[in-house]
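Below are two forms of the same protein chain, given as structure tokens: structure 1, then structure 2.
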Structure 1
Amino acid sequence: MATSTEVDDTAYDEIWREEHRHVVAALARRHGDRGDCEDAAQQAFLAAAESWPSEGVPDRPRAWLIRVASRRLIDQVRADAARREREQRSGLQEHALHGGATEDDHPSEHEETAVADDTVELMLRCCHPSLSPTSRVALTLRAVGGLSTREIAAGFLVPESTMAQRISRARATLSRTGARFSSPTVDELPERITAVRHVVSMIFTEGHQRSSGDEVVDEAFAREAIRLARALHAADPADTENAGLLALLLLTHARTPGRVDGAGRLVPLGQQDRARWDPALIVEGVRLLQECLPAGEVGPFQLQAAVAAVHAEAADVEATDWPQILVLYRMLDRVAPSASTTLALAVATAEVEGPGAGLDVLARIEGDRWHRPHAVRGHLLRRLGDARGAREAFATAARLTRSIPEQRYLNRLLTEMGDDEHDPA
């Protein structure tokens, strides 16, 4: 046991965030119902909140939590077994009188699959076919991925209240349908893997660019996402989108050392010191991409990885092959259109065809709650000489973002621009 008995809420939050998915995964290996496993894990954390302040945090908190959660789960299983036994005794006579078979008399013989990594296996189980694709990803991010509802909402570009309702409805759907979280069958696997890829991608995105708080990067999230992408690729190396996802994450993460300066300030891509980028990750990512692109149909993760490779292989920002990037984003826009793709397409269009053309593409993004379109608009208006419009766009972006480093970067731009008394606008 730890010698200190001081356990504050921050410590609990950190332990929950780090250990929750591991505890649920360990339980799920022995019990197929994700809801029961999650409930048992939550009960274990409540028990920790009661005992750790007086007894201290265990040297191995994960083992402590798994042991307590397992006891809770065993108690629940025994209670359920006793209930089923009572129901079975009461139904035996009727079954004997009326004859006929039940579903249990002819169990399904569908082949099931399993993945070596506990977390990936749990994510596959959580992406249940009774849910919509969006709900599968959102619920899995919350239950297994370790993201908060606010972080998930930021990833989907919706208000936090909207995402909370979606997750609540997803849980209600699973409860209403009596869904069991066994390993997916071979037929179910492709659809579930597609959802898990998006889960892993969103975990990485939150790690690479924190949606809120004081830090630019959350290394724990980024590293975990890369680990999960490696596990997916190892489970099915022939799946070119698994390879594309891993390549994308490696090539993007390679830029991490250059994304923050010595003062901890955010450095945009065009101003980064490329000598600080990780060459080993770039080599691995490019190799994966070269292997998967000729192997089959090109999907969205391969296209995004190809864009990242163009950036990674450019010696400096002036050497970037923007026409090639524009072609790739136009392909991505046809394959997997989204607000994020439109934003990237606007940037690439501006680099090739000018800021006015970029603004025309940017106008396709509906709504004004997302800060990044405003930031891009500010840059493009500044290039066009519209200082007043650029300041308004930067100020709006700074107001909307929850990321402190992004706020500081945008406010720094506003300070650099100053007040232009001769602004013709």
Structure 2
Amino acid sequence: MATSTEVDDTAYDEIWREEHRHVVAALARRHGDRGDCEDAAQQAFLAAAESWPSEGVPDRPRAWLIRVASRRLIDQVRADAARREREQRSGLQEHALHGGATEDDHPSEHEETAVADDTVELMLRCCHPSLSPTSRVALTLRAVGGLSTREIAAGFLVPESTMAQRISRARATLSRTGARFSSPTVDELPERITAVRHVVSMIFTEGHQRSSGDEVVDEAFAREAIRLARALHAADPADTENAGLLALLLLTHARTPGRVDGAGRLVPLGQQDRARWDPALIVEGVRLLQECLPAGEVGPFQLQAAVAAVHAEAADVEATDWPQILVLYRMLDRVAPSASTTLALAVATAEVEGPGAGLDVLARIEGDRWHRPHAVRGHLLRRLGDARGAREAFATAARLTRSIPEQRYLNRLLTEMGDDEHDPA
């Protein structure tokens, strides 16, 4: 069968160009999800790149590729089905949001841990350092979340083919580095778990901020993130940051019904109707925090969750314990300094020590292309009575933001100010 042992990259490219669509078409006749077929074809070509140089190019490369790709596809379908069945049995899917609240079909602790271990194992592989953060997010949603490529594409507002390409490229990268079917080493584990938590938090934010405009899709992202955070926590309950992440997502998700008003406009935290917040999620989030905070080292997710809990426990905005929030953000600024932490610290400082002190903290943020510091500066200048400075800052923020709802909010502020506030002559 071997016709040549000299197979260089150009030869592969040529075979790929000629055979790729035939292989995918052959698979697609038997299997509905084109993205899966693309993935399987890609894997078959990778297998070819590994075995052909030593064994030679088969007489009928296309038949070889289709055979190998079909086998991969069948393995994938079986693995998906087995995972889904296991999840269904343990009832985890139904209780993804509110946990195992019902008594009758609550999964046994053993079963729950087994599913969680399986999920976490997959997540660790999807968060390999060779992938960009957005590739990790896409691959995690597809491989672990079980969302279809179409749903993921809808969430990110890109064509399905673009998302399919991103996912199969991520898979190919993992295969190339040999990371696809192997777990991280003990040394790699802490960093990888941190990356997994970051990805879960990115998936949640994507859904929570409703970027796709499709509520069903966005809800699916937030729900999926919470399910993954539950799996992380179940797999290692002693990891206080896992608990912190889950608490943060629950406490933030609890506020979702109050974020947008009847006209679809964003409502700032201080003006939200707190009666609309989900009390069950708040209770669970606060309980998780009470368990993990005293347990050991306090990391960034626990601190952010603690801030969310302080907001959740205030009956109204006036009752907010700002000195407590300021302490928490100062701690966050020490353990995980970032521009967004500085921004939050500036807001909390202004609430406790006055707008002037808040502006001093804000001055630490470098660069001026990010719209959020301008918006906060606008609020603080307005409180200091500098209407002209505030208007300029809001106008700059409105110009820089990439969010249509945020721009509408800032433009609305500008209009209101134009009517009510005049600079002292």
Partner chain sequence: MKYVILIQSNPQPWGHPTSDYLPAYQHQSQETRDRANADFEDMLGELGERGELVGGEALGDPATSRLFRWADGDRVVSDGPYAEGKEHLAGFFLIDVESQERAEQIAEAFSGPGETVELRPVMGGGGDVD
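All values reported here derive from a predicted model rather than from experimental measurement. Whichever C-alpha set is largest while still superposing within 1.5 Å between the two forms counts as the rigid core. All residue numbers here refer to structure 1's sequence, counted from 1.
Chain form predicted together with the partner chain, by structure number: Note: form predicted together with the partner chain is structure 2; the other is not.
Large Cα shift (2 Å or above) at residue 272 between structures 1 and 2, core-fitted: No, because once the rigid core is superposed, the C-alpha of residue 272 moves less than 2 Å between structures 1 and 2.
Core-aligned C-alpha movement of residue 289 between structures 1 and 2, 2 Å or more: The answer is no; the displacement is under 2 Å.
Threshold 2 Å Cα movement between structures 1 and 2 at residue 329, rigid core reference: No, the C-alpha moves less than 2 Å.
Distance moved by the residue 221 C-alpha between structures 1 and 2 (core-aligned, Å): Reported C-alpha shift between structures 1 and 2: 2.5 Å at residue 221.
Angstrom displacement of the CA atom of residue 130 between structures 1 and 2, core fixed: After core superposition, the C-alpha of residue 130 moves 6.5 Å between structures 1 and 2.
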